[in-house]
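Next up, structure tokens for two forms of one chain, structure 1 and then structure 2.
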Structure 1
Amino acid sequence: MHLSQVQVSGYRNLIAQSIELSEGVNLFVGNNGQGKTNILEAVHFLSSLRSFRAAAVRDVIAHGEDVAQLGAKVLDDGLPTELKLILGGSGRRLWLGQRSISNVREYLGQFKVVAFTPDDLAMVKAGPALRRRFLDRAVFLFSPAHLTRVRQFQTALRSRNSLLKQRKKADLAVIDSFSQKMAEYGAEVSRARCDFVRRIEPRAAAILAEMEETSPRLDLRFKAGWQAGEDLSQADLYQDLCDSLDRDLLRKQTSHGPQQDDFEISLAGESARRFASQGQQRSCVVALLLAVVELADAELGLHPVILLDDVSSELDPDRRQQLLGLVSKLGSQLLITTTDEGLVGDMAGQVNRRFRVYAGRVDPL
């Protein structure tokens, strides 16, 4: 399955145009601020109805336009599906072919993306928030309902925190009601994350071993942000919230819960965050990303379109080579952006189509 065409109109700084994509690797070259990332974001929007930059819908509509229109042609075994999406105006409207779609779930199944930004490359040494974001996005690929559960959990958490902050005497019965909901949604969120880490670990380890023959063994370990038993049960999370209530009231914040979940990446039993070189850390992240793609193929028979935003210039030539080699082996379509003109020549043998992006215009080279 691959994207053969993307149409944009009224989207950020991009001029209204249709971009013909190739199977395999598509490279977008241009200086910063010309619109490279906007193309990837538009593809991400078409796939998942949201941005990977945490942008609101009104942010993506071009200045002076009422609506943004996006379209895509997806080819699956030669069979075309056309998607259309209008953002803004009286909300969001979706089409599959000529048919207007009201059920979002029906729309969301059409094609999937995995996005990868320079932020993600820093995932090993960054704070846990980035690692949770990586996990949640990956879980969403396999189970779209995860996103709803995360949002419900966050609403319950913010409500509880807001109650803890109130100056007047806290109503413990109200706090307890929100603790119960937090435990219900939260335990499910943590279980989904934990389960995903377990499923991805052997694949990530095998990919890393393939990329770097001398690399020590990669291990992943999920660390729940609460006093969790083996089964990460709702009852245990609720108990933890009850046990920490006195401290939470003092600190005016919920100290334990899935908002503190994390997973540790280690090489030969040593924390990669503390002991691995920057190059090794990046290899770990690349292995994680590819493991997600491989798992999507193994479990869902799905080949997500991979979006690499400005990542290739952050990898040294060897790692870039390996990444592209492994991606092509997985049979996924790849959209890469770079500011590095040199890459166009370096990657000549691996790239199927090249584009220059300048002032919102995308031209094939």
Structure 2
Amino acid sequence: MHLSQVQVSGYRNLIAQSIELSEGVNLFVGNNGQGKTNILEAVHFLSSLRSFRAAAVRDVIAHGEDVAQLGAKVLDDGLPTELKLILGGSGRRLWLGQRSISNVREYLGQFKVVAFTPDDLAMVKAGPALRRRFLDRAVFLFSPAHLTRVRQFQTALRSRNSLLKQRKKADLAVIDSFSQKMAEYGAEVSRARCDFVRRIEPRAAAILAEMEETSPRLDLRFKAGWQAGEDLSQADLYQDLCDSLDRDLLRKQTSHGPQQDDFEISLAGESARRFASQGQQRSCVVALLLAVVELADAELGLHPVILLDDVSSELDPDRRQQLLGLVSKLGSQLLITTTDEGLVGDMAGQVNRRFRVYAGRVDPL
């Protein structure tokens, strides 16, 4: 699977343009603030209908514009697919080829990407939100319906929290109805996250061992944000929400649930967050991200497009070359941004297309 062309209009600071991409390595070079990350974000939006920056839709529409329009031409085993997305105005509108579609599920999964960002490199030492975001992006790659489940759960959670803030006894029955919805969607979300942690662990451990021969063994452990049995059942989540209702009314927010899910990263049985060096923590993250791509190849039989957003500048030279060397072996199309072409080092000879990004304009070199 690779992206042959991306079109943008009214998107952040990018001028209206069409960018022709190589099947191999595509390098975008430019100073900070010129629009490099916006290109990768637009590609990610075309894949998942959301930003890897966790930005709201209104944030990606250029100042003074009513809508942003994105388009892509994708080739998968030689078969072309055209995607089109309009954001803003009367809402989100989607096309597959020349056909307008209203069913998001029909759109999602047509084009798969994996994004590596500087924020991801902080995943080990950051709070649980970053790790949940990583899990949800990864699970979505394998099961696009997961995104819908997450949104359904979040809608129920917001409604329950809104009622908790009002603290009206007459609302208890309504609160209970949203607890049931949270349990219905939330148990499925947590199960998908837990299952993915189990599937990715051996591959991530093997990649880390390849990167650093002396590295302690990497282990992952999913930690549900609620009193869950091994099967992470809907009934258990609902019971936990009922049991914590009095406390939630006092705190005016839901204390238990998938919104508190996390997973622990350990090296030789010790918390990587507490005891690993910054370099080791970043190596763990690189191993996790590369394991996602390997798993996609093994389970889905495809090579997702890899978006590498200025990560090279955040790594020391040895780890940078390890990352670029491992990524180049995966067989995926690469879109890489950097402020300094020299940072890609040995990969420079493998770059198929280079672009200069300046003031929102993308010019081939």
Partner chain sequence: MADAMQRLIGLLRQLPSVGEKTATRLVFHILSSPPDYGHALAQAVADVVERVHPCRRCGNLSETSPCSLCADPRRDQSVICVVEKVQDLLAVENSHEYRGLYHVLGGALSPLEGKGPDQIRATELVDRLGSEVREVILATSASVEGEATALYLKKRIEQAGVRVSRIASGIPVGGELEYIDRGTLALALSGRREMS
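C-alpha atoms forming the largest set that superposes within 1.5 Å between two forms make up the rigid core. Because the structure is predicted, anything quoted here is derived from the model rather than measured. Residue indices: 1-based, along structure 1.
Worksheet item: Is structure 1 or structure 2 the form predicted together with its partner chain?
Response: Looking at both, the form predicted together with its partner chain is number 1.
Worksheet entry | CA of F275, rigid core aligned, shift of 2 Å or more between structures 1 and 2 | The answer is no, as the C-alpha of F275 shifts between structures 1 and 2 by less than 2 Å after core alignment.
Discussion item. With a threshold of 2 Å on the C-alpha, tell me if V285 counts as moved between structures 1 and 2 once the core is superposed.
Written reply: For V285, whose C-alpha is compared between structures 1 and 2 after core superposition, the shift is less than 2 Å.
Practice prompt. With both forms fitted on the core, give yes or no for whether the Cα of G225 moves by 2 angstroms or more between structures 1 and 2.
Written response: The answer is no, as the C-alpha of G225 shifts between structures 1 and 2 by less than 2 Å after core alignment.
Fill in: Core-aligned Cα shift of V67 between structures 1 and 2, given in Å
Superposing on the rigid core gives a C-alpha shift of 5.3 Å for V67.
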